[in-house]
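Quick heads-up: it's one chain on its own, the form predicted on its own, in structure tokens.
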């Protein structure tokens, strides 16, 4: 079967026309980089012309980046490939029939993580579109983070049903998960090693050919498609676990009355051959599309793999799911700090004016998917507080008014709460904030360890910070 697939691929020749389904944080930079490769003649960015995302089509075709935030090199590259007529965004999926390779990068959320059933509806529709217009010898690559077993299962079945072809014989199929972080999309695609897993050796080889075109420092790491799926879900699960460990230690340090950051520096000082003590940073919560769900994809893969039964300590909850719950808890802990901070100035959350700084989950971007700020915001509203939100990058969010004026947001506020590490918040001055709030003892809660606690305490603030057990019960200075 691989020999027949190889013959079909050889008849197509080198990869010169590429379709990228999904014009989001993954699809746009990938499409632009492919279009910038001299041997590539055309890249089609395939995007549904829907009420929520159809606006991207004319923007991209005008060389305008629909993503806000700082993305080095991406705006210039987009303009270059549009001007050179090597990239075009379209809702005409029939153009897939002319493509030598098609990549699919569509979100795969869980509507309810507890039931371990992902919402694959958007991804499945993208796969159907690829299948409808598939031609022999085409390479199809899933870049979305998916439950292990999806490529050889759901994806393969849909593609074969829609096309009438057989994967591994008529067309190549692989999984090559994205490994990007908003704010450095171009750099990550070029420099990170690329995991590539085909359903067979020929598919893997063709996918390696595709991604080798855009790698500068990174290398291609081949494996099976299912191993690639496990790799992606596991690497994000491990990062989530590391953050949860830092968050739990920070909560311990608060309870014991010591500075987490002193403890972290002490642990990090132990170095030597074979010694690894990597500790990440605690914070107000974990957001984004990936870390908040990928643990559940991995857990679901274990249950649906059809392999050997899982041998695991009886009655013990998954370490990974426990970590996820700790990270989900951090916005609630921020609310706890809000309550005890207000209590120190003899106020309750009800009726208090709260300035929430940062709606994006990631510093210096507009990416607010699954932002922990929203959880905190909802809790404050439920407690009948008045909440004003500021973010320099996020300009709108359904049901939430977001101001671009820091002055307006903190004026007459009882509490200032920092949820995002935007650079604008690193240089906040105690006197400026105190004058705008007009309070004798305003409360400030630092969820990202951006501030010097002593400066604010000396200025009469009530300070609360994640992991700052050494400062959280300080005397209030008049």
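Numbering follows the first chain given and starts at 1. What you are looking at is a predicted structure, and each value in this text was computed from that prediction instead of being measured.
Missing here is the form predicted together with a small molecule; even so, the following discussion is about that form.
Contact with the small molecule in the predicted complex, defined as a heavy atom within 4.5 Å, holds for exactly one of 340, 258, 302, 280, namely 280. The partner is absent here, but in the predicted complex a heavy atom of 362, alone among 77, 349, 326, 362, sits within 4.5 Å of the small molecule. Contact check for 143, 194 and 208: none of the three has a heavy atom within 4.5 Å of the small molecule in the predicted complex. At a distance threshold of 4.5 angstroms between non-hydrogen atoms, residue 130 is out of contact with the small molecule in the predicted complex. Using a 4.5 angstroms limit between non-hydrogen atoms, residue 353 is distant from the small molecule in the predicted complex.
Not displayed here, the small molecule is kept clear of residue 88 by more than 4.5 Å at the level of heavy atoms in the predicted complex. At the 4.5 Å threshold, heavy atoms of residue 107 stay clear of the small molecule in the predicted complex, well away from it. Only one segment in the set 214 to 222, 280 to 288, 117 to 125, 250 to 258 has any non-hydrogen atom within 4.5 angstroms of the small molecule in the predicted complex, and it is 280 to 288.
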